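Quick setup: one chain, the form predicted alone, written in structure tokens, and binding and motion questions come after.
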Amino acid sequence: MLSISRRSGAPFMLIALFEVFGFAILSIREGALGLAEHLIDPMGIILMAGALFLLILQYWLLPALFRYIDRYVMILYNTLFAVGIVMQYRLNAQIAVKQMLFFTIGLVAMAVIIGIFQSGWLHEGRRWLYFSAGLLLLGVAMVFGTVTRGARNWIEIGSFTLQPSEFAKVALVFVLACYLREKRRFWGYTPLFAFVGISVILLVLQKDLGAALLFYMTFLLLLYVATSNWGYLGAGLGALAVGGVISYKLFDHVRLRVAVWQNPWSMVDDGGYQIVQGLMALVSGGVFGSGLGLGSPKYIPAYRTDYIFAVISEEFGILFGVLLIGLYVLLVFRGAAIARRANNAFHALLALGVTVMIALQSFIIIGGVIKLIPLTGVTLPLVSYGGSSMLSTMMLMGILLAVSQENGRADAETLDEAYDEEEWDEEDGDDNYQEDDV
């Protein structure tokens, strides 16, 4: 881990340079166009300073507090955040300030999770706590939620809004790890099946189809990995197909999304406008993009959230969009490596659950934006605007880093024991030599 720490300075420097150049270009442009008395927008300089401060603070403080956390994961989530915060400032400076605040709170939540995990409190014996927390979060949204963009998945607390399903994802990862850490007979998984089934039904009733698909596919993939049972996988995929057909027959919004996905151009005035604008943005940017600040993102209704990938690809180019996908792929590979090195099944499944969830969420939203699959409303992790999404994603990063910390600590203890045994053998050999010599 120490060698990784020494090599991580250059990537952090590249992240800092991206933030400096991105904010500088945009703040000069915004100052010239929007503020007659200023050549530079001061908000851009403040945001740049804040982003650099958070980056430097993480680089020095987190490894000091948690010696063995995976620095590659830190590099990847900071790179994704850097892209997101620069684009959010380009779209709306006030929104970028909020996003910076959410990321800061998320860093604190991440550090707290690593610390609690290290203390041993978050263990497999608390499965009913995770079980209850997940269902409570989804139940509260079902009863007290307000409808936003057609889905009843938001809770209003004064001037703040909260999306409980985002935090239920964290509970889902713990529930899956608790129940799948040891092989059971079919009936032994009944509580897990009930939890996932109730969660998915609540999400479908709330019309939060993206979260429902994310929950179910995360469960199904981890179930297969933990059991290696093709029967479970086949039955799960069959249930997904049946559920999809039933949802298509029962819910108008499902039929509309499928129809829009099939031919958005024929439904531009009836649900297809956003997909058409997103595809036009992807095409107009070309390979190398129109340039930062030179695109037309606001023609897309959800340009800050669901369609941020199209906005980035328009201004930075399709090549940059492919590189952005590559960052998520690297994060998935790194998460899989952490899971493989875990010392027990619970830790391995926690790391794998986080990895699968990030991979699926990225695929679902990018696939919807490029019209590979029907569009469902989830955020692009660490890039799209959203407080609940940012906080829950940073909590998931905390789980991943906590497992890497435990891996490193266990490896260090093993090396120390081996070193002590080697010293003991050498001393014992010297004593025998002396005795023989006498």
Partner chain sequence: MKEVRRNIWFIAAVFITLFVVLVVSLVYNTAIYGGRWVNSPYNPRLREQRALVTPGDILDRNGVTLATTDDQGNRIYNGRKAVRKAYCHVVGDAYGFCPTGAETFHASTLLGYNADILSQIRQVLLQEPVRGNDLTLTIDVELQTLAASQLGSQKGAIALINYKTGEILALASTPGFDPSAIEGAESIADFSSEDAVLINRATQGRYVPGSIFKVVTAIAALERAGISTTWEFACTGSIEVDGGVVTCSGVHGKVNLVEAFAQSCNTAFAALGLEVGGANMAAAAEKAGFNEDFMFQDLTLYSSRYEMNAYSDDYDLAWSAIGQSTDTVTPLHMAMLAGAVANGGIAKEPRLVVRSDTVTGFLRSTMTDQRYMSTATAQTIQEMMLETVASGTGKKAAVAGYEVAGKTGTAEVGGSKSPHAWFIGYVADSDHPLAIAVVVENGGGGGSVAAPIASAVFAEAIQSGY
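Source: prediction; values computed, not measured. Residue numbers count along the first chain shown, from 1.
Although not depicted, the form predicted in complex with the partner chain is the subject of the following passage.
Counting only non-hydrogen atoms and a 4.5 angstroms cut-off, does residue 65 reach the partner chain in the predicted complex?
-> Contact check for residue 65: no, nothing within 4.5 Å of the partner chain in the predicted complex.
Verify the contact flag for residue 208: yes if a non-hydrogen atom of it lies within 4.5 Å of a non-hydrogen atom of the partner chain in the predicted complex, no if not.
-> No, residue 208 stays farther than 4.5 Å from the partner chain in the predicted complex.
4.5 angstroms heavy atom contact with the partner chain in the predicted complex for residue 108 = No.
Answer yes if any heavy atom of residue 333 is within 4.5 Å of a heavy atom of the partner chain in the predicted complex; otherwise answer no.
-> Because a heavy atom of residue 333 falls inside 4.5 Å of the partner chain in the predicted complex, the answer is yes.
In the predicted complex, the one of 174, 309, 195, 72 near the partner chain [non-hydrogen atom within 4.5 angstroms] = The residue from 174, 309, 195, 72 that makes the contact is 309.
Of 88, 277, 79, 163, the one that lies within 4.5 Å of the partner chain in the predicted complex (heavy atoms) = Of the listed residues, the single hit is 277.
Each of 296, 345 and 370 near the partner chain in the predicted complex, meaning some heavy atom within 4.5 Å?
-> The answer is yes; 296, 345 and 370 each reach the partner chain.
Determine which one of 260-268, 237-245, 198-206, 125-133 lies within 4.5 Å of the partner chain in the predicted complex, judging by heavy atom distances; exactly one does.
-> Contact-bearing stretch, as computed: 260-268.
In sequence order, which positions of 347-375 have a non-hydrogen atom within 4.5 Å of the partner chain in the predicted complex?
-> Stretch hits, in order: 348, 352, 356, 359, 360, 362, 363, 366, 367, 370, 372.
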